[in-house]
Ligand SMILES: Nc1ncnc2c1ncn2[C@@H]1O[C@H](COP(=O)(O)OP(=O)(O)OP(=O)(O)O)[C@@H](O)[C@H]1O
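In structure tokens, one chain follows: the form predicted on its own.
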């Protein structure tokens, strides 16, 4: 079983959006995929999956809430890929996810308010013995400014940590898709889907390397 941890110490940076995107596209690639929703208070992925099932959107995704990483692992054997959607501000849980995951994805916005905590989280994980080679930052909720995007990429380059070249944009179309139980590349707009597809393809290539 392969596992991906989608984590952040901040809320609102696109963590659940990323987890859902990876899950849907992994299922399309015929991987038996499950999302572990560790945010038992908000349950964003769980509520999203209810909308997906109500609208009979395929591929169908398995989503289950768990209070701990240990409990999730015990009941998730048999899946090809497990995606942990971590709870924000859960320092201990975040470390536990990072220790068991084969790949760690940290979504971050392009502002320093988001980038700096993301790099601090990378430092923290590294100091706790997590292999930095499996940590990747993904720019998410990226606005229309090329200058801001390039500055964010330069910041990540200087940090020395791995980051994906592609990104998830900030679009109303994505929010509306999520509201109906779809993921970020299942919107009604081809151009949005193509941009997001580049990001998920890059993540899929990393999964392929893990296999």
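Numbering follows the first chain given and starts at 1. Fair warning: this is a prediction, and the values are worked out from it, not measured in the lab.
Just so it is clear, the following notes concern the form predicted together with this ligand, a form of the same protein that is not shown.
Of the candidate stretches 66-74, 53-61, 36-44, 149-157, only 36-44 has residues with heavy atoms within 4.5 Å of this ligand in the predicted bound form.
At least one heavy atom of residue 17 is located within 4.5 Å of this ligand in the predicted bound form. Residue contact with this ligand in the predicted bound form: residue 175 places a heavy atom within 4.5 Å of it. When this ligand is considered in the predicted bound form, residue 88 lines it closely, a heavy atom lying within 4.5 Å. Proximity of residue 200 to this ligand in the predicted bound form falls outside the 4.5 Å heavy atom cutoff. Contacts between stretch 163-188 and this ligand, counted in the predicted bound form as any heavy atom lying within 4.5 Å, involve 168, 169, 170, 171, 174, 175, 178, listed in sequence order.
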